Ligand code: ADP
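Consider the single chain below, provided in structure tokens and representing the form predicted alone.
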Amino acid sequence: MRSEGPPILELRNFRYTYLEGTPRASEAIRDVSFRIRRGERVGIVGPTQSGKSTVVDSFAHLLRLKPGQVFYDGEDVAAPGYDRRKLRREVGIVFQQPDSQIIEDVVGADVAFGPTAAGLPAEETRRRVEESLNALGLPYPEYRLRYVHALSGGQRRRVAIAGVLAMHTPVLVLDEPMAGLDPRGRRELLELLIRLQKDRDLTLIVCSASLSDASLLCDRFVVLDEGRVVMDGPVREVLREADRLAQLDITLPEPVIGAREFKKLFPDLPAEILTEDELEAELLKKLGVA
């Protein structure tokens, strides 16, 4: 993770109200400020209706934004004349439901859609489709002509991610990336995302109501509740507030849940535990075995 240099994404006192000016107006974001630097891996976490999806949509200007609140690479994305199409080639979002962004019936054609629309030459598009499918564990020769509807949910999610990766966006935003996947699918996708982030030097943003997978993908958490930032810091630092996170109805990682139970026996047991191996090592230490 990099800590120096200007932010690639920044929210400054961001506020957003759906159906503003109508009787059905609903304030989703009250006053949110934070910065994300190039190469960071950040989790935007919070319970249902906390404002996570609104924040994510703001990154790619998918909302009617007001000037002076959302910035990409130092530029105000709501300023008159700002190139929104260019922004969406820089910030790639994979939504929770992959079917909502899969356009074509055939895998190869769908992954090629973005590069083709951006005017890339056919040979460069083909190269990117092959590269992206291979990177996601969907071998190009085997999957390029497959029908999307015949794929499993996990495979369709990978196709959606491949379509974004083919655009070579420096920022990848994933909204609940593990939703609906079985344990094996979650593990495989987790490993793929970690490798891709390193290989491509991506700025990775994960939006989730659960810390289980985000704690292994991210270096930092920005925690939202009722449209405000209530915590922002390194993953282990935020996990020290496990009781507060649980009160916010945020799903904790299994090792943290285990550590909270064992703290009844060992009050000084750390709460900021990321893996089962770490929990086992700490317990053995307390028992005098290690």
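We call the rigid core whatever largest set of C-alpha positions still superposes within 1.5 Å between the two forms. In this text, all values refer to a predicted model and were calculated from it rather than measured experimentally. Note that residue numbering follows the sequence shown and begins at 1.
The same protein also exists as the form predicted together with ligand ADP; that form is not shown, yet it is the one meant from here on.
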property	result
Touches ligand ADP in the predicted bound form: P255 (any heavy atom, 4.5 Å)	no
S26: touches ligand ADP in the predicted bound form, heavy atom cutoff 4.5 angstroms	yes
In the predicted bound form, Q96 touching ligand ADP (heavy atom, 4.5 Å)	yes
Ligand ADP contact in the predicted bound form: S33, any heavy atom under 4.5 Å	no
Partner-proximal stretch of 230-238, 43-51, 244-252, 259-267 relative to ligand ADP in the predicted bound form, 4.5 angstroms, heavy atom	43-51
Core-superposed comparison between the shown form and the other one, Q96 Cα displacement 2 Å or beyond	yes
